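Next up is one chain by itself, shown in structure tokens, the form predicted on its own.
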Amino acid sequence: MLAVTIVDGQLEVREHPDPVPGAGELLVDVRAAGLNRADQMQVDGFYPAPPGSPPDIPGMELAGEVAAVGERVTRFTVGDRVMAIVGGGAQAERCLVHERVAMPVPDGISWPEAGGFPEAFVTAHDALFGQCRLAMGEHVLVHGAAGGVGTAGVQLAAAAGARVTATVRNESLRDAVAALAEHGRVLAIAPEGFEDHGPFDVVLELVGAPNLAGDLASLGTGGRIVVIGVGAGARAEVDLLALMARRGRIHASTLRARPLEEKALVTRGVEREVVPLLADGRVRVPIAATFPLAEAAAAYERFAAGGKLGKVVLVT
């Protein structure tokens, strides 16, 4: 099979042996694989793949057709359309997926949409509902709302009946972000001065350290901050007195390194609560650009350039 391959910090498309599914595993013919910040970090040498995943083939999410199954597989059969998060190896013609983290692709959903769905929506759903226990009617702040996880967070919060304020640096994208939640309440604003739009019950922090002081200052009583992105910086001072006064909480999370059991648990929640919204058109996966697998380096350049709405996806 062909696969995007990290060679001395650069990307090449090389031949690799086809993987063989073990017990509980699916071999998937990959049709689409989304790009994520963690993929770029892996290429740059800062985020190695977890044990059991290919160390030189990036990619944490995919969609495709089941080509073969291992022993004791019960949920899927050959030919099924599936999408999944994986520890790595998704940016290839074939990839192994444990059936416990695979989800069915609803009818009518394109391969690029399905390939850009798992990482963004599993991450956002886990952060908002698994960690912060977002409730109907609360006020949510989503930083970096034009990216993959940001667009997912805006839509999921609005679908749950929350009021959403979304920071978007690119002014030309703000109306599109606000329009993501057709029946929700979304205000898209510039990042500067976001504190004036609080107080916030939940802050989905996708940018990092520069926002933390403002996040704390605008946090409502009993508010929760969840940090899942630090692209603008990872070190910040925390005013503990402000956190105490608001009886606030700061959560932080990564998804990739979690054990299979935890990934399976969060995936089942998304399959139960979010995939039906995708099937009905109540949430969608904005696609900024698609690239063939052979043009992976160009896809990464587009991803790094920023200023986009939604996902960059490789297709095979």
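Numbers for residues come from their place in the sequence shown, where the first is 1. The structure presented is a predicted model; accordingly, all values stated were derived computationally and were not measured.
The discussion below concerns the form predicted in complex with a further copy of the same chain, not included here.
S.K.: Thinking of a further copy of the same chain in the predicted complex, which stretch from 241-249, 137-145, 168-176, 77-85 has heavy atoms inside 4.5 Å of it?
M.R.: Comparing against a further copy of the same chain in the predicted complex, the contact stretch is 241-249.
S.K.: Assess the spot marked by L2, A23 and D29: is a further copy of the same chain within 4.5 Å of a heavy atom from every one of these residues in the predicted complex?
M.R.: Contact check failed for every one of L2, A23 and D29.
S.K.: Consider the chain as shown here, without its partner, and state which of V227, V186, V101, L96 has a heavy atom within 4.5 Å of a further copy of the same chain in the predicted complex.
M.R.: Flagged contact: V227.
S.K.: Ok, A236, A159, A190, A217: which has a heavy atom sitting within 4.5 Å of a further copy of the same chain in the predicted complex?
M.R.: Checking each option against a further copy of the same chain in the predicted complex, the one that comes within 4.5 Å is A236.
S.K.: Under a 4.5 Å heavy atom criterion, is E262 part of the interface with a further copy of the same chain in the predicted complex?
M.R.: Output for E262 is yes: heavy atoms within 4.5 Å of a further copy of the same chain.
S.K.: R268 versus a further copy of the same chain, in the predicted complex: is there a non-hydrogen atom within 4.5 Å?
M.R.: Result no; R268 lies far from a further copy of the same chain in the predicted complex.
S.K.: Residue-level contact is defined here as any heavy atom of the residue lying within 4.5 Å of a further copy of the same chain in the predicted complex; does A257 satisfy this criterion?
M.R.: A257: yes, in contact with a further copy of the same chain in the predicted complex.
S.K.: Looking in the predicted complex, any heavy atom of L212 within 4.5 Å of a further copy of the same chain?
M.R.: Within the cut-off, so yes.
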